[in-house]
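Below: one protein chain in two forms, given as structure tokens, structure 1 then structure 2.
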Structure 1
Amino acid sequence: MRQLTMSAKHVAVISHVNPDGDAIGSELGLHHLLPALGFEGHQTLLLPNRVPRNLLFLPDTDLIINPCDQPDACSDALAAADLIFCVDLNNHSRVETLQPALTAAQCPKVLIDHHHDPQEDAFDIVFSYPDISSTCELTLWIAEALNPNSMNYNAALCLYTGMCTDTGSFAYSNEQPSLYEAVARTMKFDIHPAWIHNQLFCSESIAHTRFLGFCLNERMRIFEDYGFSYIFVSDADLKRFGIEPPELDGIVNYTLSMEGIDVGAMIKETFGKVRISFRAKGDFDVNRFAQRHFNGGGHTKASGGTSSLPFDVTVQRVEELLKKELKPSNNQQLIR
């Protein structure tokens, strides 16, 4: 990879639709690391849609372009690139409207990702480690292997943010010591984790806070006997509160905030498409559940999927499937 990076003149870095902290953190982290990895040319940073409000504090988010605002510029950048990095996505379909331009690009493509089942034949170099905490952690280790002195303040800030958000503020099952070793690398640069936490979780708009209250009060269903809950929001709900799809990130975690609830889901209709996020804090394997029923996947405790069914039908199907898997009053009999 170092040879490709050093010989490239125009690099494009792209991540997935509805980007979260790991997507943007790994994209910007790589952006800030590339000069130390031998790249001296022009960089273009792309996303399929806009950066969520709570991540705008990260350095150089203003450089990221998206097809909502600059459709031609995104396609032109992918066509002009002589090297493309795809971060935190396991196949081309996850860039949605930018998929045709990404697939058509003739230059080498490098995948850096931690999701299951990567589309390996779509990339020239694949770094895929599903057991690692986040793409940000993986990016850090790749950079360190190429140049042990590559880390800098901006990269550390971005990579820490992605590791924090993709592990639920280090609350998910993070048994691997490598995560905390990676965090220690970033902490050498005085990045102030408490300040980052405030930017991520304590800087929402009033509209978002009201929307969260609406979700918890009117769009959450709780099944104590089965040990699960879910939240469902439609396009109409988003329009009512003026909420953009990226702002939904993190709301699913509230489904697990109650005692006795070990599995949570969020079903969301955005621009007519239905997506589901799953979370777990017990033994339930939401990755396998999403793979079986919703053409998705991810990780044991955090995964996602899609549905081709109408929104209301999908809501009912998620409920029925979870009831089937999670036996009432015996929710230790879980999918393995």
Structure 2
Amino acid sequence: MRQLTMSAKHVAVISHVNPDGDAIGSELGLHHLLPALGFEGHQTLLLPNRVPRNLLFLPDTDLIINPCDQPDACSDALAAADLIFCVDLNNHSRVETLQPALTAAQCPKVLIDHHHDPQEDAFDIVFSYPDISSTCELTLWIAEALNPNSMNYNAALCLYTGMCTDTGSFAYSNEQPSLYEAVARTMKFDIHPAWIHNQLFCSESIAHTRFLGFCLNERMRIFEDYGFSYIFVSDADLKRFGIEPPELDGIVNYTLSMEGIDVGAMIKETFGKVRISFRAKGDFDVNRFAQRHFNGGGHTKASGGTSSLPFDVTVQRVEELLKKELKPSNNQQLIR
């Protein structure tokens, strides 16, 4: 990889659709590390859609292009690249509308990722570690192995952000010391976790907070005896509250906030498309569940998928499948 990076003239870095902190953090983190890894050429940063508002504070988000605003520039950059880094995705299909251009690109493709079941034959070099906390942590260790002095303030800020968001602010089951060692590496560069936390989690609009209340009151069903709950929101709900699809990120986590509820889902209709996010805090493997039933995947405790069925039918299907796979401890009781 060192040779490839040093000899490349035009690198493209791309991550997954509906990018989160780990996707954008690893893309921008790598971008800020590449010069110290011996890359002196031109970089194009791509994402399948726009950067969400709460991640715009990351340095150089303005350099990222997307096919909604610049479709030709995206496919041209992928065709012109002599090296492509795919970060935080396990499959070409995860770049959605950019998939044909990514697959058609003839240059070497490097995968840096921590999702399960990578499409290994679609990449030339594969760094796939499903047990690591985040792609940002993995990127940090790869960069450090290539050049122990490669870290800098901008990269540290981006990589810290992804490690923070993908671990639920260091709350999910991360029992590996390496995460905290990686965090310590970034902290040497004057990173301020409280400031980052405010940018990430305390910068929502008033409409968003009202909408969250609506979701919890009117759009959440809790099946206490099965140990799951789900939230469902339609295009009409989003329109009523003036909410953009990226603002839905994070709301699914409220499905797990209750004692005894170990599996959660959020069914989202956006622009007529139906997507589902799954979360778990017990043993239930939501990666397999999303793979089996919703053409998706991700991690054992956080996954997503899609449905081609209408929104209402999908809501019923999610409910029925979860009831089938999660045994009731007693008589099923619908609280809301």
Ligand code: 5GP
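For residue numbers, the reference is structure 1: its sequence is counted from 1. Keep in mind the model is a prediction, meaning the values are calculated, not measured. The term rigid core refers to the maximal set of C-alpha atoms that superpose within 1.5 Å between the two forms.
Colleague: Go through 1 and 2 and tell me the one that is the form predicted together with this ligand.
Modeller: That would be structure 2.
Colleague: After a core superposition, would you say E244 shifts its C-alpha by at least 2 Å between structures 1 and 2?
Modeller: Yes, the C-alpha moves 2 Å or more.
Colleague: Any CA movement of 2 Å or more for R50 between structures 1 and 2, core superposed?
Modeller: Superposed on the core, R50 moves its C-alpha less than 2 Å between structures 1 and 2.
Colleague: For P35, is the CA shift between structures 1 and 2 at least 2 Å following rigid-core superposition?
Modeller: The answer is no; the displacement is under 2 Å.
Colleague: Any chance you could measure the C-alpha shift of Q291 between structures 1 and 2 with the core superposed, in Å?
Modeller: Spelling it out: core superposed, C-alpha of Q291 shifted, distance 2.9 Å.
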